[in-house]
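One chain is shown next in structure tokens, namely the form predicted on its own.
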């Protein structure tokens, strides 16, 4: 059995009795029927790019959706199988003069996986998360029922309303609201309610021109001042942050990084005019950016170079931690935009006191969604990092934020759910799972602990 099916990008590893790779819906339905009759747990696997252990099985059978590769591009929408890689959808849409707005950093992610965790990424600043772009889903339940639902098709049972945080992004637990539709329920459910087979996704016309840039600053305060001022820029569709420690982490790979740079903002603006380009020159001067040595470009090659730069950050963090025999220790907390500076200050004060010199911060700062990345050298330091993350999860919720903005909670972080929701609210989620997955077969120990009645 290949380990590739049993672990995810964080290094978390599970175990399975069998790995199954159905070639079509009929074969998948047969597998689900056998699992239901024998009460065999099922875990659904996409491309393995997740960071919370959700696709890592805790026994039973693992079902890989890798053969569900259908892609059809139409005017304004695409029809995709669950196993389609995000990069292939982007390429197919681009060839038709369109684009799919959700842009998770890992373009090898499978479409089914991005739906299951309601992924977002760098362009969520303007376009929001995956849920917003799903128009139709075809989903198999463990009862054998096949749902083919479109946006607006209401669920056929009652649920209470569970309040959402004030953060712009949220992917922790089930989104519940009376009269809600099926798509909002399935998106973000982390593969615990049904098996996504196929999705219809909205596309937009490709912008006529795009200006992308990596703007360097000598200090964090100047970068954050610019951030606050640039959020309202018309057409801005990406606003990312990289701190000085993160820049230091990749300097050996990017030797052209300015020596004076101690912070950076990654920006992207669509349908730019000559006036927009001139305005950027003024902005850089106003906010003390290192204007002469910042990077800007308008070609596909430029944007790909900047995307690779951004991708090098989590990739290098992962390699650094794995070299010490540990799994990735990264956060996914987000707060309301008006508390972005407050939470960043809190992170730095606490980490500097308990974990100095062993972390870096980057991420989707336009949404006040910072990824804190700990770099433990041993198990003792990793334990300190997890204790800090537990504290940060509670602090994010206290500020009106979320314990999971785009990765979900999976198995590694499910303990944070109790900070976000009351016991009664979590019990309501359990009832929904029992209704759609009566024997609690799907995604065991993902998002929720296995109830006592199903324990072996």
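Every value quoted in this text rests on a predicted model; they were computed, and no experiment measured them. Residue numbers count along the first chain shown, from 1.
Beyond the structure shown, there is the form predicted together with a small molecule, which is absent from this document and is the topic of what follows.
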{"query": "Candidate site 55, 195 and 364: all three near the small molecule in the model of the complex by heavy atom within 4.5 Å", "finding": "yes"}
{"query": "The small molecule: the contacting residue among 429, 399, 388, 47 in the model of the complex [heavy atom, 4.5 Å]", "finding": "47"}
{"query": "The single option of 173, 101, 330, 121 touching the small molecule in the model of the complex, heavy atom within 4.5 Å", "finding": "121"}
{"query": "Stretch in contact, per heavy atom within 4.5 angstroms of the small molecule in the model of the complex, of 107-115, 265-273, 341-349, 210-218", "finding": "107-115"}
{"query": "Residue 311 within 4.5 Å of the small molecule in the model of the complex, heavy atoms", "finding": "yes"}
{"query": "The small molecule contact in the model of the complex: residue 82, any heavy atom under 4.5 Å", "finding": "yes"}
{"query": "Residue 32, heavy atom within 4.5 angstroms of the small molecule in the model of the complex", "finding": "no"}
{"query": "4.5 Å heavy atom contact, residue 414 to the small molecule in the model of the complex", "finding": "no"}
